[in-house]
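Encoded as structure tokens, the following chain is the form predicted alone, with no partner shown.
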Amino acid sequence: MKKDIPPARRNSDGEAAPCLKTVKDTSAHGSMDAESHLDAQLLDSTFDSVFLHDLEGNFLYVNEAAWKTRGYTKDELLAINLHALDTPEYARLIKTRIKALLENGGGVVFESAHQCKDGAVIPVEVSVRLIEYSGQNLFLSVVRDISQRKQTESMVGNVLDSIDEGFIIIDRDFRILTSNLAYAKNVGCHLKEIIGQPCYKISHHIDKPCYLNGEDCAVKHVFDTGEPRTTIHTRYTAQGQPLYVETKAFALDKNDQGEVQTAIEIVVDITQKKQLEDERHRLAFFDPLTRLPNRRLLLDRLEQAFIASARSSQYGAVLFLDLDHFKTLNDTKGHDVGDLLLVEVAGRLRKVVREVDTVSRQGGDEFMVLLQNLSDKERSAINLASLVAKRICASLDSPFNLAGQEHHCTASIGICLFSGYDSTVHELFKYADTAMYESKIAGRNAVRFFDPAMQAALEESSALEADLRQALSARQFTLYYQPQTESDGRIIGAEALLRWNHSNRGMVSPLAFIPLAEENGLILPIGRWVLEEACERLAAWASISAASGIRLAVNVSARQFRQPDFVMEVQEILKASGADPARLKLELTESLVLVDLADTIAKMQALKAMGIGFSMDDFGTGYSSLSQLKCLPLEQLKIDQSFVRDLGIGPHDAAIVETIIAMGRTLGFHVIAEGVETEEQLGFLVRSGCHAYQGYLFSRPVPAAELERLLATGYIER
């Protein structure tokens, strides 16, 4: 039943315009003074519908827009309950919200839908606030028709869903608030699976924001700076397929402090574009048949190799390969079979070289290999380049299966070294090509260097290697021993030194064959033989009273020490020889112990537990620190002969020697100097606190029998 409102004044129609007191005002449609009048004339002039009603929705007042908008007369609308206007799906929700408003006071804004007299439904935004009149709690509802807004939102939504670019709105927690169909399609999910989920979980399938993995996150940039950002990302579908996308992020909403609260991210799928770019790059820089770098890319990499070589002083090399008798294969079997061979050869070449190197097809049956960072020494670089060439020849030696037919293939190889910019790119190609033709002239299936001197050095190195491989079985190796003494000449030990007495070459310098043995792996069997011979000598000396107390130092190569079974090998040799481990001292270089320090320490401790001692050879030439030295179970430091040789000549060598001696004393190490050749050097070492010496001043390296003669006296006369 409609209730009359006592008038405060009358409007033009004679209707009461009551004076009401506002309890709280949080309406979205403006504020109201504590003592204000509901001016009917004013309210009838607004486009928004205004209702005054009680908790049950009974109308006490409606303005003109309220009844005209819904197709009623004023009296008809006043006779209708508010909740009768709401569509069924909204009625219960609205009544619940109004009750909550009554309990908590203030105002509330929500969306609903009103039914018109003709059955039409209009979407509305309702702003309700609680007011007090004569001790009653009444409700003032201002209802705005939002049909146009909804239509616009629908149109925007349809537009967004019709475009190819993915579109999402993200909050500060990186959760997706809104998404269009294109984004859902790109990530392979349904819209309902996306809303409310973290964007990184949907797009990247990870459990934390992508920027924490070091990626350039456009959305994070917007939240941090407020500025737009464009980035390129690799994303993945729900099936794990990669998508290459360009993401553009913009600020959407900011708080009063100017902080971005929500951001828009537009995601453009550039997968096809990237694939096309990759294909263009492949066609421009790679051989379409073998997928190897082509001449253009090789030229670029060679220019970069020149720059790197100039900086590091490391030699590089270019190998020019031409397949022998390839034309015959093409003529007899056809180009398809020839192409199969080229593809197979490319695969084998890739497996031979390192990742830093480049294998390139130049066209036809010609290939080039760019080798970098070979060595800073020319001779060693020659050997390494030759080794790669030999491996290539060996890889091609196995028969090829070409469409079910077996085929044998060889190659002629020309090699040219480079160091920095000593040659131009085109000169280098010409030199390598010339060397390749020299190998053809030599009968094919051969390797030739361009420089005649290099070729001679290669041939000498190859011959030396062949002889070296026979040296062990031919019993051409022997050990010499250089005494280690105190300042008065009393012998306290000796170092075992390897010598090679070749039947034709005579005595071969260790400087000539040890580096070669290191490169080709022969140092492993040679090193084992040295240990076996030294231990057998120690065991034999145990019965000689004058020699039974000395300690014998044996050099161990880095490659030998790094073998996983090195400790077991030493144990076996000691057991077989019967030598006292306490009389054996292993000399390790400073550079050796610094590589994989944990493995070094573990092996040294295992050997020390047997009673074996350790000396650091060539100390002062490496880069070890005090903290590293303290971790090593060393007993002796050996001052490198280069420092001893220049005592009194170089301005810094004396200071270096004094520092090493002081350091050794501080750490509790015994210090010995090698390369002592003059009385002046000896005098300086004595004054500096070094009390053990090795060098020509006392004795050259001598055969075992001569050392035993010296040991019989116990002293060496100078």
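The term rigid core refers to the maximal set of C-alpha atoms that superpose within 1.5 Å between the two forms. As the structure is a computational prediction, the values presented were derived from the model and not from experiment. From 1 onward, residues are counted along the sequence shown.
One more form of this protein, predicted together with a small molecule, exists but is not displayed; see below.
No member of the trio Q314, E378 and E427 reaches the small molecule in the predicted bound form with any non-hydrogen atom inside 4.5 Å.
Scanning Q362, Q482, T290, S577 against the small molecule in the predicted bound form with a 4.5 Å heavy atom cut-off leaves one residue, Q482. Put simply, of V260, V388, V556, V108 only one has a heavy atom within 4.5 Å of the small molecule in the predicted bound form, and it is V556. Among residues of the shown chain, E658 is not one whose heavy atoms approach the small molecule to within 4.5 Å in the predicted bound form. Taking the partner from elsewhere, P525 is found to have every heavy atom lying beyond 4.5 Å of the small molecule in the predicted bound form. Looking at E674, you'd find a heavy atom of it within 4.5 angstroms of the small molecule in the predicted bound form.
Not displayed here, the small molecule is approached by E495 to within 4.5 Å at the level of heavy atoms in the predicted bound form. The stretch in contact with the small molecule in the predicted bound form, judged by heavy atoms within 4.5 Å, is 505 to 513, chosen from 178 to 186, 291 to 299, 220 to 228, 505 to 513. Annotation for S642: C-alpha shift of 2 angstroms or more between the shown form and the other one, rigid core superposed.
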